[in-house]
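Take a look at this single chain in structure tokens; it is the form predicted on its own.
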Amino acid sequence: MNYFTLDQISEVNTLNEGEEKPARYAVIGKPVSHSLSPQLHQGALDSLDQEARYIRVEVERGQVAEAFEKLYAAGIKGINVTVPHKLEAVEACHQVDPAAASMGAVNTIVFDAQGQRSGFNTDGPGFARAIREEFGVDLKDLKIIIIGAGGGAGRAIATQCVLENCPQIILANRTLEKIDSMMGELQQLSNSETLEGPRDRISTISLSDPALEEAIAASELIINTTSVGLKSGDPSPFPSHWVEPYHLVYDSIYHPSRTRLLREAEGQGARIANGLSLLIHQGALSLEYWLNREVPIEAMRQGVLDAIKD
């Protein structure tokens, strides 16, 4: 077994038995055995000479607050939160960063000296960093369409696009009902006093709408946040011949590294990137919160590449 259960966390001797370094950071989820967070973080912790180990902990729904308490008592200094606990984690924090509150999800927990829990979401800011790395352009300067905006990743990215004041944000989803309420929240966020620009730049469209081709044509950055492409036989989430050479195409899937969408988009002359950079940068931001210092991005990248190579 490559993870701990919540019951085992109470047994500190069990947690660190036979280990050179004590457990100091963790990811919680259900299931959690597939998480690449240890591979992502451990190399960086080692290169920074941190006497710390990163572990996985499987936590049932409804036990997130209890997990936070037990992990802190066991010496854990920071926690990553993955599915299905990102929403529950919001309620289990003492303070929540405003951006994370807007995203409606928390994926990073920081403890203070008294054990008070602050929640952050690094998915959106990590995505902005990923776009800068991959394409050499700032997210705020791009017209965006998000394919599969109704999921957790889609919402985090959409919120970041609003915070970045992108000139166009199109939310595309299989069912509009799932994104109608989200659009209202994003429009409210867009109308805050801290943001400037046109207030009608956020719109929605169904993936079955014939106007989707036109919406894609009017966009500069196409983002796939659906799970279509995880399996080798999956099609593209929309007809790939709609992609033009001026497009930037980002698929949040990183394994396989080249989905059908990316292969065919590249064939159309577009610039492409997969979700590895998002995984790395959202993780790096978590580590920066915990350590309050710059972290070695390349060590994190290599850790993940070693884990997913065929």
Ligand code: ATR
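Heads up: residue numbers just count along the shown sequence, starting at 1. If you're wondering where the values come from, they're calculated on a predicted model, not measured in any experiment.
Here the subject shifts to the form predicted in complex with the named molecule, a form of this protein not shown in this document.
Partner contacts here mean any heavy atom within 4.5 Å of the named molecule in the predicted complex, and among 87 to 95, 167 to 175, 118 to 126, 215 to 223 they occur only in 167 to 175. Although the partner is absent from this view, G151 contacts the named molecule in the predicted complex, with a non-hydrogen atom inside 4.5 angstroms. Within this chain, V228 lines the site of the named molecule in the predicted complex, having a heavy atom no more than 4.5 Å away. When contacts are judged by a 4.5 Å heavy atom cut-off, L207 counts as touching the named molecule in the predicted complex.
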